[in-house]
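Below are two forms of the same protein chain, given as structure tokens: structure 1, then structure 2.
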Structure 1
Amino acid sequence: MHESLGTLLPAWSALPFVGILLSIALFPLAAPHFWHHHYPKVALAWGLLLAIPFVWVYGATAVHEILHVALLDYVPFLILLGTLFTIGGGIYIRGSWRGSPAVNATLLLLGTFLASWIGTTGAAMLLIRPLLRANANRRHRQHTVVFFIFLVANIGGSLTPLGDPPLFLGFLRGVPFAWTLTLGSELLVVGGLVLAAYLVLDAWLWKRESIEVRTAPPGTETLRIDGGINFLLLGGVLAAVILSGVWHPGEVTILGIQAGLQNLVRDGLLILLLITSWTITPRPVREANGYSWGPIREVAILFAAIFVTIIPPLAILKAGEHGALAGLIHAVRTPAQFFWASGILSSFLDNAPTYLTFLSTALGRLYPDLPEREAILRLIAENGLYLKAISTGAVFMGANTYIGNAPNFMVKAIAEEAGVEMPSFFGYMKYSGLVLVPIFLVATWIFF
């Protein structure tokens, strides 16, 4: 269904998707008051601009695609994100931290390590609030949140299938669980260079802080964790996600859409964990964290429009050499090209289907007559550089934009609610263009 639709859709069918991206990028700058009060209407307008003509022209096929995205992609995405947001908001890490370059770098390093084991979203939701509190008195703190997105919400999730959705999908397709540990060298080089760039920038900005901020003695509050029971619930989230990947009891049909029973069980468990966290976490803990539903509401509304309008570009991408992006797919040949193609598209599209598209492209070119799982093992044994390029491109370059990976926009929303003036969509891309792109070029030269 996806492939046949992707061969029919013209390139300009992606215009509503471009429209919602430009709205997110430009309205907060050009008309901030309007955007703050009316962004749900803007999101709805772009969604309807795609959905109405899409259904008019393609009928039942279009309805099926919209329901497919809603039931199998958007709803599970929102359940997972909402669960992690709620559980993370129930963990309050006390302590008298001052947002010096050394303290900030330590928190970034810790988050980068945790991202591969509790997921980029889990690590981001756990540590973003302690980082914001440590820097509450600083005038220059925007850059710290941006580098947090770079490292904790993206690059750090490259070592295990638990870290980022593309790697988890690769695991489900037959990539051995431990294979992603071979990406350690890429993580050390890219993550190390990004962290070094942060330290240089933060040390310079630290000197521009007031003398009162730089010389203020740390407080006397000892390190303590309130709401620690939520760590057990976080473990439950990981167990539910892993269970959905290894247990396959069958499928059920919902509104004509085939859904794996294991995914429904996972989502039910996640909702139960969300309710449990909300029920058992004392209200003062969430109040101390500055917890509110505002960030998750904003993400839910904007990503509803993104998930609907992204249907045409993803369908075209999945059509490969038979779709409107045939020229791009056909031109991607070397590991370096796979790294940049999967990375650039993952910066704006969902990195999970982008990863699968280029994985399928590589397998089709190198091992066209083998079953997928056997072909993947051959790819790892004989041409592992291709899989490394696709994997790191999809994971690392999700950091290039706010919408490149699920936690990026969530971190932005939490930071803004805490009073941090975050860069605009294009302002953020200036950071990624000046910091990440040169580092990715270095990684290309070293590894691919």
Structure 2
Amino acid sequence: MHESLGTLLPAWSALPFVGILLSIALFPLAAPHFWHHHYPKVALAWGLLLAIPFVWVYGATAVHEILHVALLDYVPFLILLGTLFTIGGGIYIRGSWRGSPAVNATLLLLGTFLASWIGTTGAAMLLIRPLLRANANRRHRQHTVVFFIFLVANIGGSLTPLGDPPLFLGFLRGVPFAWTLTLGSELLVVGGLVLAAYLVLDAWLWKRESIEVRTAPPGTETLRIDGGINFLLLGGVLAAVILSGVWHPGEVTILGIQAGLQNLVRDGLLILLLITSWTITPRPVREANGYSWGPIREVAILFAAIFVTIIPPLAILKAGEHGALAGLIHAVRTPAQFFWASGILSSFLDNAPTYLTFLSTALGRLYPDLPEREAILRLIAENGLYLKAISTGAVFMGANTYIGNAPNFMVKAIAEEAGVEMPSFFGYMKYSGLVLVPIFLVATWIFF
């Protein structure tokens, strides 16, 4: 990143970035069918609104910035998400259980654990249907899906860069793979309290179910995992990502951008794993999961616009007090403030760009003159609490609203199509306000 660019760009150059994030947040609520059919045009419009004047004014520097973000952030991001989604979508869990509090809590716990290793989207796709099947006869189901969104689609993804897109973006920018494991205590406390709250609520509602529901036999289908070979491929994903973090064979130059050879190898391996999963997984397994290329297409199109439009705000934030967003740098100072600031924005905007925004804010405040990778390593070594606050804020608080994290909407739609009446946007926020916000306050008190 050219450090001078951040001091030159005006604050309003961040408007296309705000525009694409607000479009992603608001259109699915306000005009879902329009958005479903026209989001590529909207994304293209925001992207061009930034790219054309940016290249016009800054010429080769702007082209370099766009290529840099495309090759080093966007493409690897898309490859990882596509691979995890394809492999996760190749696993289908069969079996019939009775949706008792113990069974539901076990599925939530399993999903919370898996989310860090197959991604929140993959874990949500893998387990939402077994959970809905187990609860098909219950009158009170809504709360179980809401807590599933809290734990599996969000909080559980905090432990590795594979878990949630913000953490992978951090990894791409130099956060070591193993560092995210240090978020284990935050995950344990927050996840544990949320699961405990679920158990209390579900035990209370279970008593209000009819005697027929509570004593119904669980069904005859035994536990079986179709496409289980994909778990081996997930191991391959893990190995490829870790490899790129520990092996440094040198760099190559592509279109004027220096890229680590290890990252190219990683991306090549991931594509190979994706193709392998697609080839060896029987089609009926994917059909049972409702798998399609649609979500990957969505990520490809929308994140192309996000990664282009995020260039100015990130450059300005990295310029620290010399940039046009110095006010933000001054306003957010303590780890607790970073936790809540990144969290509140992640509640309403996609958490991946929000994470990058506050990571840049922290770097701009603490290490404005250092190259990014060096600054990140210094941040971890000297002020690690800031990165913990940004990471957990972005990952955990994506659960606060339906629009905080992509799998939230996916789970809502699958549940509604399975006959579960989900709360409205504000109805969902009543759950998060009553359950999550107090727990996040406790986490602030304990950790930040």
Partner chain sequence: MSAWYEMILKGREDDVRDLLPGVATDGERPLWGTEVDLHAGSFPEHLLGLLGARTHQLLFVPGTQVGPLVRAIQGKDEFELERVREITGGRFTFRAEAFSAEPAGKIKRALHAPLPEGVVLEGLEESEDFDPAAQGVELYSPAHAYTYRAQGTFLGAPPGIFEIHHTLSALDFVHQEKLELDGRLVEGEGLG
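Note that the rigid core is defined as the largest set of C-alphas that superpose within 1.5 Å between two forms. Residue numbering: sequential along structure 1, first residue numbered 1. Since we're looking at a predicted model, the values are computed, not measured.
### Task
Could you let me know which number goes with the form predicted together with the partner chain?
Only structure 2 matches the form predicted together with the partner chain.
### Task
Would you tell me if P295 moves between the two structures by 2 Å or more at its C-alpha, with the rigid core held superposed?
P295 C-alpha, core-superposed: shift of 2 Å or more.
#### Entry: Core fit, then N104 C-alpha moves 2 Å or more between the two structures
No, because once the rigid core is superposed, the C-alpha of N104 moves less than 2 Å between the two structures.
### Query
Under a superposition restricted to the rigid core, does P53 display a Cα displacement of 2 angstroms or more between the two structures?
After core superposition, the displacement of the P53 C-alpha between the two structures reaches the 2 Å mark, so yes.
### Query
How many angstrom apart are the two C-alpha positions of H330 between the two structures, if you fit on the rigid core?
Rounded to one decimal, the shift is 3.0 Å.
#### Entry: Rigid-core-fitted C-alpha displacement of P284 between the two structures (angstrom)
Rounded to one decimal, the shift is 6.5 Å.
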